[in-house]
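Shown here is one chain on its own, the form predicted on its own, set out as structure tokens.
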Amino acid sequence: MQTKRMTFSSRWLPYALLAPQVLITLVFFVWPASQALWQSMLREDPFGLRSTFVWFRNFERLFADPHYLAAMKTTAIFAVGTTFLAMGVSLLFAVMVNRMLRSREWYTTLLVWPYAVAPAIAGVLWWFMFNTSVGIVPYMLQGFGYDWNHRLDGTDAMILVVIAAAWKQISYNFLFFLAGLQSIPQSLIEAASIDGAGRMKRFWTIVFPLLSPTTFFLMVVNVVYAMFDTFGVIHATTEGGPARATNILVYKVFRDGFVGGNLGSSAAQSVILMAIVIVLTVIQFRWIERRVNY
């Protein structure tokens, strides 16, 4: 099969078309990343008047700091919990909506709305619902004998931020899962049904394997979201507390740099966070993608 090649009348036209995207990448990613890498090797005085080049001493102090290692563990728990909760609930909603014959568009519109909510607003909404004084959820849990208090209990605080962060991402995942379900040929499902396969067996042996490209893509997106874009959720709900129980890496960068004034350590943390996300993405594309059926 012969592929059609695009030809341009001008030699410089392809470069002109690529120039805006390349410029945006240089200005908003390459330049800030290089600045963070340079600043991670500096140490400033308390007044910000003088900088000292210290090589990798900021990184050495971070990996010797028990609080930073604890923040890594907290981030791993938060990212895994947020990713699995957001993808699991959105897949359930997509399967339910895909089976509907009427009002499908109406339910889809309602489920998409939360994606327009900013992470900080999502955190505030769930903070009110889980508030120990006026929240409806602690009142209901108290009826079951559970005393909810995310201000004092680190586990309760982690549950709160995971729910708030996952709720914000469910709409995005739902759209992709629904599109993936609608692209699966109904003839395959009908053939399995004729052969006697039940609803659950049809889902796990036919539907879910055919959704693997969508699932893989959403896994990468959700991990990046949990590592970077959840700062507003943490800041609006727990501010990293109680006792650093929800102090994830991206929030520690803010606390150490903008609150504590330790810009060198904050820059080093941002470089490590970027490296962690890159490594996780490479691992997902290198090993997990092998199990994906295209």
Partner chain sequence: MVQNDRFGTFLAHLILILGVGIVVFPVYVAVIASTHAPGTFLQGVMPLLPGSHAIENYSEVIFQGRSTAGAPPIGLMLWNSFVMAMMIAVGKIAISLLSAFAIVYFRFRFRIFFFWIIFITLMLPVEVRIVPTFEVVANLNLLNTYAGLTIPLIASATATFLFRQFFMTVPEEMLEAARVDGAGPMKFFKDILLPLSVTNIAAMFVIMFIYGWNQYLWPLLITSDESYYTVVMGIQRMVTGADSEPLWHLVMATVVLAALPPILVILFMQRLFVKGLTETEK
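Given the structure is predicted, the values throughout are model-derived calculations rather than measurements. Numbering follows the first chain given and starts at 1. We call the rigid core whatever largest set of C-alpha positions still superposes within 1.5 Å between the two forms.
There is also a form predicted together with the partner chain; it is not shown, and the following applies to it.
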Decide whether Phe56 counts as a contact residue for the partner chain in the predicted complex under a heavy atom distance cut-off of 4.5 Å.
-> no
Give a yes/no on whether Gly81 approaches the partner chain to within 4.5 Å in the predicted complex, heavy atoms considered.
-> no
Should Ala236 be classed as touching the partner chain in the predicted complex when contacts are defined as heavy atoms within 4.5 Å?
-> yes
Examine Tyr115 and determine whether its closest non-hydrogen atom to the partner chain in the predicted complex is within 4.5 angstroms.
-> yes
Listed residue that, although the partner chain is not shown, lies within 4.5 Å of it in the predicted complex (heavy atoms), from Met219, Met158, Leu125, Leu210 | Leu125
Would you give me the residues of 191 to 215 that have any heavy atom within 4.5 Å of the partner chain in the predicted complex, in order from first to last?
-> Ser193, Arg199, Arg202
Threshold 2 Å Cα movement between the shown form and the other one for Val30, core superposed | yes
